[in-house]
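Below sits a lone chain in structure tokens, taken as the form predicted alone.
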């Protein structure tokens, strides 16, 4: 059976959401961050040498990286192809772009903002560049959602599930008042029944809905 090695308050929450959207049978093995360092526990290194989450195991397969995990699950378990556009179409190419953009580009300035905030001086010299990059990428996402509910063909796909984490973390580091489309996208994600079921199964999630 497919197992999600689920770390609290992490990107693995969106993997649970994806599986709930597909109504796939799976099991969860839960791990807790260190209360002092917020790092993943060493037990995850027994699953994969990097000791990071998300990671899934499925039979003899061990898959890391959110984009690869979403791609794997959709190729093997999305029987109706409900969350992946048809291969060879323009929508499929857009889907692939958004799927990889989330972690390849959009997440970087957010993570830099988070990490530098822990420095004594807040990484003062880097803040103008980080701020510019956050504005550029979050603005790009907001513009792409103008008049649209979802990123690809106005129909929910695995790319939206991948991008949900960006929309959830962004308000902690950047005001979403100037990004109404991204804020509305986050709320749509949170309103989906499958998302709510994933919360019930995964436990407390700091970036989820407040009600």
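Source: prediction; values computed, not measured. Numbering follows the first chain given and starts at 1.
The same protein has a further form, the form predicted in complex with a small molecule, not shown here; the description that follows concerns it.
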Note to self: in the predicted bound form, is there a heavy atom of the small molecule that lies within 4.5 Å of any heavy atom of residue 65, even though the partner is absent here?
What the structure shows: yes
Note to self: If we define contact as a non-hydrogen atom of the residue within 4.5 angstroms of the partner, is residue 39 a contact of the small molecule in the predicted bound form?
What the structure shows: yes
Item checked: Any non-hydrogen atom of residue 103 within 4.5 angstroms of the small molecule in the predicted bound form -> yes
Note to self: Using a 4.5 angstroms cut-off on non-hydrogen atoms, would residue 157 count as touching the small molecule in the predicted bound form?
What the structure shows: no
Checklist line | Within 4.5 Å of the small molecule in the predicted bound form, all of 139, 141 and 180 (non-hydrogen atom) | finding: no
Check: In terms of non-hydrogen atoms within 4.5 angstroms, which of the given stretches 24 to 32, 149 to 157, 181 to 189, 49 to 57 touches the small molecule in the predicted bound form?
Finding: 49 to 57
